[in-house]
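Two forms of a single protein chain come next, each set out by itself as structure tokens; they are called structure 1 and structure 2.
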Structure 1
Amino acid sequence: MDEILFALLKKGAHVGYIRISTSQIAEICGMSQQNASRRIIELEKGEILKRVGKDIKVTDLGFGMVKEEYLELKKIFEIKKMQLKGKIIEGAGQGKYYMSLEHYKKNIEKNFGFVPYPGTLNVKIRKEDIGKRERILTKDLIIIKGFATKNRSFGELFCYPARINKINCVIVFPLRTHHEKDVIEIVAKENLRKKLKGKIIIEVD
């Protein structure tokens, strides 16, 4: 997709005019100001964008075009229910820290209806299911926003409702921290580590 259009949509230029200079757009898209200017003129000619003074917006036509592409992508990514198998491993303890923070506890409760047990269960996914882990990210999700204290900031949490050995749970992907590609972090109401043993089956709709 056109990178300028994409950048403008991220800024919310599909609903109202936003004020942004060609240099700023160039910066975001990693191109020269001159090129950004030229391409915006092109997009304007094609009625993808509209400018009024220093303000710019994406037209309905432009929005519709991106939406079409989005719907195609959605078809590709919205795969049906899946199962991942694996086993419990020891975590680094960072999940426990996160789940002890009031912000995350509160938001998990608000969105999923339970106060999370202060700890996360780390499940190492078997080799053949590693690809599926990536695809979880394309499912319906709830994003818990990050927050900041004066000392540090905490990132977004991507949350996916799921079941682990038939128990309702939430798969959490902390956005900032980098995880092993074969490990999934689970949050639930109860202490899963005590309750679960041996083979683990995670189901995502």
Structure 2
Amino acid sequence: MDEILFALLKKGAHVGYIRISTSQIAEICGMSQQNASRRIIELEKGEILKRVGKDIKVTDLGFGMVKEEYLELKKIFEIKKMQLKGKIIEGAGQGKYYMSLEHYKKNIEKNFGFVPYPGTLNVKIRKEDIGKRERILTKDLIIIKGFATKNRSFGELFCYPARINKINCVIVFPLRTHHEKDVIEIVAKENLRKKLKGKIIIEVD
């Protein structure tokens, strides 16, 4: 946005004429008076500003341009959903074992409101979405603590709610995993492998 236009809008020049000198505008915008005068003339020629004597205002055209820019910026800053696209791949079958363990099942139900289907869905995401995966790891993840039996220990699960093709699910990041960074593991209350086909879209708030 033009800095002079922005300065005038802050002064209320879109509501009506205001009295302000070019030297005052120059001081506000941190530029020379000559540069401010030149820019005002250019904006006036473009019918973005209008002057009557020592008074100046932002025209409807100028305000409309600013509004369009604002709406575009609003779209950028208010984006909440993050999408990752990929395809289903075969796993090693370990997800079925881990999601059958009572400790993980109970804690997923406690935190996310469903008993997970015994198994994880492995989704290989696009290379350009790996950065988004890393961003998920910076969110307020729910951590399911690890535990130990007489024979072995089990690691923590870092979990985050999501949707996969509009189905509620949970992304799980096991502390111990053999997957590369382009693979995301998903758990849900249903057998996702049977239900999902074609392209996969994971949505995260």
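Counting starts at 1 and follows the sequence of structure 1. Only the largest set of C-alpha atoms that superpose within 1.5 Å between the two forms is called the rigid core. Quantities reported herein were computed from a predicted structural model and do not represent experimental measurements.
Pick out the form predicted on its own: structure 1 or structure 2. It is structure 2; that copy is the form predicted on its own.
C169 C-alpha moves between the two structures by 2 Å or more, core aligned: No.
Once the core is aligned, does K145 move its Cα by at least 2 Å between the two structures? The answer is no; the displacement is under 2 Å.
If you line up the core, does K194 shift 2 angstroms or more at its C-alpha between the two structures? No; that C-alpha moves by less than 2 Å between the two structures.
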